[in-house]
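One chain follows as structure tokens, the form predicted alone.
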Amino acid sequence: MTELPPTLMAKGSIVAGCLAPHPPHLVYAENPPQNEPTSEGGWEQLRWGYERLRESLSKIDHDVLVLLSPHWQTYVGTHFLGIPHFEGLSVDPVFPNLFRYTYDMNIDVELSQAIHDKAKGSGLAVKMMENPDFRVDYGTITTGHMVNPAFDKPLVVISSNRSTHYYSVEVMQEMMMELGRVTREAIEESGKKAVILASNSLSHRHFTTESEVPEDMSKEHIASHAMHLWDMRIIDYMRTGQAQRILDEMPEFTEQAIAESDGGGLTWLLSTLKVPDYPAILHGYGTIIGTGNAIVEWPCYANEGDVQ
């Protein structure tokens, strides 16, 4: 069978981009069969927000979920899962009492390799992760579960290159903007329709002790008023189509709010979406052990003329 040249193949597209935080408490509170611990609920505002996001994405045709997790931390370049299938038991190192999850997921290795190759061609340090015994990080699993609990869509999973820590937020931002650009190019050339997921919180100042009953919502609140103000500022930019202002203020936000944007996911997401100037949909906001978490969707399918 003759393979069509790229110019004659159907153009792929990013149909939606999402900020999709990964606190394991959300999985714990849902009591899914994959997770061993059981709860009495909790964090309902965020869980209802994820319900709204899932309902929205169910109406959009898509082939693959492309996810960057700040808890798969790599210090020499950006890595990509490169094996078609992963399964095993994930135990959260900080909250083993909440998260002991049996995962089973498929990887779109073809698209992973394509993004890897384009990133390498642009000068970024990259590597395909091809160890069959690799244990997938809980950030990937939690976001994957909350967005698509059936895990019936293949994933592309990208590591967090910790350039913020050994360089600066500014260097991280430059690298993640380039990674976002090549991610988009690879998706468009693949002919596939993709949902982009940045698996990270906003402000990220944790409580230092845990309640006797973790799901006791009378104990839950934002870590500080300053963190609240930062979260509301960034969410306002999202809801009013001011993504460029987020990027402009990213160094200050990341440092002052101790934000999980230090892993590069939010910058990468906005870059893949070509720094959107249209409003995002806020599906939910809430706190978990003091951290600020927003579930946000950019509906590319309704705002970009090249989305098919």
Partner chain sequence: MNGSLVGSYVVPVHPHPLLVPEQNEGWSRLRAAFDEARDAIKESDADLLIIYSTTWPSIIGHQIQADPNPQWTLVDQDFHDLGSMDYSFNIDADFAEAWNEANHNRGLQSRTVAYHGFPIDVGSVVALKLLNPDNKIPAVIVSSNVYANRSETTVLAKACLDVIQKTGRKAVAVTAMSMSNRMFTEFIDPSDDRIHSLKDDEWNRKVLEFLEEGRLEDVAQLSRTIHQQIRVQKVVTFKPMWWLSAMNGNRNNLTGRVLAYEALHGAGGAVVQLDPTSTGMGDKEYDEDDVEYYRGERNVLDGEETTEADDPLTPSSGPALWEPPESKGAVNSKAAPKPVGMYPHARQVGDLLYLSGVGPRQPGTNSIPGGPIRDEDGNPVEYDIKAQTRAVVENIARILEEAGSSMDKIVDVTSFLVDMDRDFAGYNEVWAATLGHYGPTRTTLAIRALPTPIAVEMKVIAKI
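Numbering follows the first chain given and starts at 1. If you're wondering where the values come from, they're calculated on a predicted model, not measured in any experiment.
What comes next is about the form predicted in complex with the partner chain, which is not displayed.
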message: Among the candidate stretches 96-104, 150-158, 232-240, 178-186, which one is within 4.5 Å of the partner chain in the predicted complex when only heavy atoms are counted?
response: 96-104
- line: Only hit among Lys192, His145, His204, Lys118 for heavy atom within 4.5 Å of the partner chain in the predicted complex is His204
- request: Spell out, yes or no, whether the shortest heavy atom distance between Val213 and the partner chain in the predicted complex is within 4.5 Å.
  value: no
message: Does any part of Ser224 reach within 4.5 Å of the partner chain in the predicted complex? Heavy atoms only, please.
response: yes
message: Is Ile83 near the partner chain? Define near as a heavy atom within 4.5 Å, in the predicted complex.
response: no
- prompt: Is there any non-hydrogen atom of Gln113 lying within 4.5 Å of the partner chain in the predicted complex?
  reply: no
field: Check all three, His71, Val76 and Asn131, heavy atom within 4.5 Å of the partner chain in the predicted complex
entry: yes
